[in-house]
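Only one chain is included here, represented as C-alpha cells and corresponding to the form predicted alone.
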C-alpha cells in the first residue's frame, strides 16, 4: 500500500553553507566555513556533537603522524585534538608532541601523535567553539529530503520537534556519515559490501577506577585478512547501517552484549558498575560517494595536484596519503561536497579514511570549499589550497 502525500513545507531558514551531520567531519566543516565569514547552519540528529567519537564512545583520537616522527595532519585536525584534552586526557597523552620540541622523542612505535579523551567534555567544548564562530546548531534534526534546481541543491527539508521545514542553501556539506544528502540529491553512491560487525563499547566504574570497555570492533578490509581471520568471522552477523529496522535490532543486540559482559565481570568484582553505554549504533562504514576520483590504499606517498591535506594510516607506521579533492565531489550535484567517512574511496581505503583525523582533514577542506562556491566542479582548486595553507594545512608530503 502506498499513501500519496501533498506537502507544503515552509522555508523557515536560509544560509550560505548547510552542514548536515555534527560528527567530527561536520564540526570541522562548520568551523572552517564560518571562519571564511559565511552564515553556517549545522544539523545534528542527536543532542550532542561528535558522532561516534562522543555519543558512540569510540574515544580514540587516532594519529596525526606517520609513526616515524613526522606530523602529517594539521589545521583543524590538530586544533580538535588539542581541544579534546584541554581539560585532561583519559589516556595516551602525547607528551612527546605537546610538551617537547625535540623530534627525537617522536620516533618510537608508541610515541604517535594520538590521545584518549572524555567524550562529554569534548562534545561540550566543540559546541562552545562553534558558538564562538556564530554557527547555528539545530539538534534533534534530521535532513529528510532535498529539492533541486538543475544540478544543484536548492533547499534541504528537515524534521524536528517543530515539524517539517526547509532550509534554502547556497552549498551543502554532507557529513552525515552515510551519504544521506547525496542519496536524496541523486548523486551516485555505493554501500559497504562487507557490512559492520556488532560492537558495544561502554564505560564502567570498578575498584581500579573509571575505564572504557571495548566490546566488538570494526572488521578489517578483505585485502588485509588472513584465512584465519575469514574463518573466525564468517558466521558473525553483519549490519549495513542503512535500514531502520536492522539498526534497531543491532542496538538491542548491543545492549544485550553489554549486559552480559557486565554480569560476567560482576561475578569476579562486585564493585563493577556500568556508567555509560553508546547512545548511537557503532557503525563504521555504511555508504560512500562515487565521486570524481576513487582513492585506494595502495596510493600511499603519491602526490596529487588537487590535494587538500594529508592523513596517515592509524593501523601501522609509515603510510602517508594526500587527499584528492576529487574524492569529495561529484559533477552530478555541483553544490554538494562530502566529508568524513563517506568520501570516494575503495573499501580498503575506507578503513583508513573513516577515523577522526581523516574526518577533520576532509571536513576542513569541505567547509572552506563550500564557503567559496556553489559549484565544486568549477572551483579553482589552487585558490582552495591557498586558503587551506593559510589555515596551517600542509598539502604535500614533500613539504613536511
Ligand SMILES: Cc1cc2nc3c(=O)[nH]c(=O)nc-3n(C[C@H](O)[C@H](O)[C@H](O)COP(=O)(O)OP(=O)(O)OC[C@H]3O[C@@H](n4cnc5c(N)ncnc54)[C@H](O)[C@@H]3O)c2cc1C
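A quick note: this is a predicted structure, and the numbers were derived from the prediction, not measured. Positions refer to the first chain, counted from 1.
If you look for the form predicted together with the named molecule, you will not find it shown, but the lines that follow are about it.
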property: Three-residue site 24, 53 and 62 fully in contact with the named molecule in the predicted bound form at 4.5 Å by heavy atom; result: yes
property: In the predicted bound form, the one of 31, 349, 368, 355 near the named molecule [non-hydrogen atom within 4.5 angstroms]; result: 355
property: Partner-contacting position among 72, 81, 199, 169 - heavy atom within 4.5 Å of the named molecule in the predicted bound form; result: 199
property: Stretch from 319-327, 296-304, 283-291, 101-109 whose residues place a heavy atom within 4.5 Å of the named molecule in the predicted bound form; result: 283-291
property: Exercise: residue 309 in contact with the named molecule in the predicted bound form, heavy atom 4.5 Å; result: no
property: Contact flag, residue 46 vs the named molecule in the predicted bound form, heavy atom cut 4.5 Å; result: yes
property: 4.5 Å heavy atom contact, residue 58 to the named molecule in the predicted bound form; result: yes
property: 4.5 angstroms heavy atom contact with the named molecule in the predicted bound form for residue 143; result: yes
property: Residues in 170-185 close to the named molecule in the predicted bound form, defined by a heavy atom within 4.5 Å, in order; result: 175, 176, 177, 180
